[in-house]
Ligand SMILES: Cc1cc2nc3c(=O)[nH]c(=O)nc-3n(C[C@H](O)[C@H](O)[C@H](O)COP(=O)(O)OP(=O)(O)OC[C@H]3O[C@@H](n4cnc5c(N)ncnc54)[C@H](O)[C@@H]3O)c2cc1C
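Next up: just one chain, as structure tokens, the form predicted alone.
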């Protein structure tokens, strides 16, 4: 019997708790296959199932809490059609095209318009299936942010009212997953989809998607899904520059840590056209150098409006366009804002002064700063620390409940703003302080990027393949749910007119050999070492500043890694098999990022994209989407107009296109 538990080298380990069968193949046929069971995936499953489709949804985790919205949300965006909103969907488009933080001119406008048209309706549907959205117990009756007629509560802008606070936002994913189960949708949990299956096994532009191949992270069994329509809802790539979550757990990544880019890799491998792969930034690119999200003193995002004071108790003003705001202006006409004549402005919220670095260095303000919760009006303090921090993703237990358990009292206590170098912390505009220090070579995928090219039905450039949520360039919960339902309506409409095409067994066998190759090796390179090495290549060759020579060096590195280290990956159990297959994803997403970066021969302030070897910016003829496709393992780049969705064969107005393609009649 083994007794020396300190001898790690010779410890026999714990027996794998599930029966492992790498040879078993499970075959499933359905009308609509959904890859990714987060908010978009669950919404798609519900919409398709309600219309009579046989639906299968696949997720790497448990549906009840999987995805980037799995732990909850505190507010709901772009509810333009709610009774108090003063912003129309058309006006909202102006806001998004002006605001680089949400994609600016590169935002997928048709996706944003779909969200604006259906956001409030989707919220009411969530209420019908059991999600508490209103101030049902009159806790905030009479507050400036509450409409006492409806019980709805608004965030950020109490005049234009497009963002709604949710009383029960932490219950969002359990509510959705319960409805998925009630409708009889077949949910395949703890299963990783790794490749799309195509008609006759042919990949590349023009191929048709007929399903996917996947495997279990518990038993290792293979799953072959055959479908009439497939929807990718698998989220945003993460980990190309910093992969580790071991410094401070899930806080080292903004999205669900299971989101590693399988959707983008699968689509590209099958031949779909992708865009904005070159778009990356540093605002969240700090890996394990973060503090708990929303768990430090802040003035941004969920914390917006909280007074910030310096070490001497001196109030630091909020400013907008350089003008100091008083309290009455903090929540008025800000997000999105309207100017004279009703036109939408850039909609910037108030932020800390841009000259704070100089004022800190001169001694006018003394570090550290604090979030002065006690000085807030009581209802504003309770809605921030109680409702919003209590429901926002990743904060309910580790921040709201644990801080309270160990003595933090927002009525009495201030919360320190992390002390960072003035230039990195306060330069140009306020940033969420929980993002931590920024190190420019360590980056992340930009919001609203790394997505497929798709039409007004949300179909990609491949027949049979649709996208929703983050893989469509949307980063809001309301966007995930609205685009999920919208894509499902169109996917089911197409499926009803399609016969089920049998899978190509040679393609199945080819992908099975790649999936299970790491299980054939007893030793070699582990997934952690491999991911860290690939991240190091991106840090050194795709950082803040880019040039053809440096980017090509990164591609050469990955070619060498593919031929060498990738052939030595090994997995001792199905969990490690899942992680090693993520390595294939990481290297492909990284190669596409490098290739698309080389194709953009200019800098882009909107994308925080900087070229050393091309002095121009993305104006005039350079204002375009760079696209990337894969054929026979080789990458090909192209370009399309930034508003291709308002050009032929589409109408020139958002409303006309929406009315034609929304598929509500089905």
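Bear in mind the structure is a predicted one, so any value in this text is a computation, not a measurement. Positions refer to the first chain, counted from 1.
Keep in mind that the form predicted in complex with the named molecule is missing from the display, and what follows is about it.
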property: Candidate stretches 186 to 194, 559 to 567, 510 to 518, 200 to 208 - the one whose heavy atoms come within 4.5 Å of the named molecule in the predicted bound form; result: 186 to 194
property: Residue (of 233, 491, 227, 108) lying close to the named molecule in the predicted bound form, criterion heavy atoms within 4.5 Å; result: 233
property: The named molecule: the contacting residue among 258, 143, 85, 252 in the predicted bound form [heavy atom, 4.5 Å]; result: 258
property: The named molecule contact in the predicted bound form: residue 475, any heavy atom under 4.5 Å; result: yes
property: Close approach of residue 96 to the named molecule in the predicted bound form, 4.5 Å, heavy atom; result: no
property: Exercise: residue 135 in contact with the named molecule in the predicted bound form, heavy atom 4.5 Å; result: no
property: 4.5 angstroms heavy atom contact with the named molecule in the predicted bound form for residue 33; result: no
property: Residues in 394 to 422 close to the named molecule in the predicted bound form, defined by a heavy atom within 4.5 Å, in order; result: 394
